[in-house]
Ligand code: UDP
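As a starting point, one isolated chain is supplied in structure tokens, in the form predicted alone.
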Amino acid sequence: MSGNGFTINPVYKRVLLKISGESFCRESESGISMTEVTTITHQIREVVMAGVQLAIVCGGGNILRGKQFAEISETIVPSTAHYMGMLATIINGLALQDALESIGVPTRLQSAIRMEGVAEPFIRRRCLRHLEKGRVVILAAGTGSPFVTTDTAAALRAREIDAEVVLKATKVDGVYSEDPMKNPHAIRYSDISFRNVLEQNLQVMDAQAMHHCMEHKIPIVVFNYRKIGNIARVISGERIGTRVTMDGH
């Protein structure tokens, strides 16, 4: 039973949760707001207490988005900008780790860029062992290589750890035919196939991430994490948000 009176009956044993850098800050702001971080940590605690093995990939756009920084800077080369963006995800990972630990959730922060002073290196077997022991594993620094988005890193890590589903926590309630902020008549999909997402160029995850999930038949669920209890509902199989699968059903 969650704190919201919702009974969690997990349909997934091992889950990869992707949270954007924007989840760490207030609307239209940057940096880190621990009030915003708390919104998601209490939901994480609920599903972990229900026995779900949870790995989290976090973005860094609230601090610095490598691709965009490279486009506006005349002196920073693109690869350096991407490395800076990866370091931003480490900062977010540290904030998330302490926020979770403060409410009794055991965690491990693993980085694709070696920095033993603050995080373990990502080692697949070690990651799996942590998950089996009930620890939340926060996976930071993307893949450790430039020009790879954290969405693609999430898809790759999901494959590596044999996750049953990728949950993409966003500030909207699913995938739309168009930007609902620009077109109030945009259609929200409850189910859609990988191929339709790619053909319509819908902004779910980048194409490389979609191809990885499609190739290995890992479903993606896009949902609004800001509605308290939604992470538990998705993990319990409730049909909220948009489910992206092979056949779109």
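Everything quoted here is computed from the prediction, not taken from an experiment. Note that residue numbering begins at 1 and tracks the sequence as displayed.
Heads up, the form predicted together with this ligand isn't pictured, but that's what we're talking about next.
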Inset, instruction - Answer yes if any heavy atom of residue 82 is within 4.5 Å of a heavy atom of this ligand in the predicted complex; otherwise answer no. - result: yes
Inset, instruction - Look up in the predicted complex whether residue 64 has a non-hydrogen atom within 4.5 angstroms of this ligand, and give yes or no. - result: yes
Inset, instruction - Look up in the predicted complex whether residue 110 has a non-hydrogen atom within 4.5 angstroms of this ligand, and give yes or no. - result: no
Inset, instruction - Answer yes if any heavy atom of residue 238 is within 4.5 Å of a heavy atom of this ligand in the predicted complex; otherwise answer no. - result: no
Inset, instruction - Given that the partner is absent here, state which listed stretch (82-90, 172-180, 124-132, 102-110) has heavy atoms within 4.5 Å of this ligand in the predicted complex. - result: 82-90
Inset, instruction - Answer with one of 148, 119, 137, 165: the residue that has a non-hydrogen atom within 4.5 Å of this ligand in the predicted complex. - result: 148
Inset, instruction - Taking only heavy atoms into account, state which residues of 16-31 are within 4.5 Å of this ligand in the predicted complex, ordered by sequence. - result: 18, 20, 21, 22
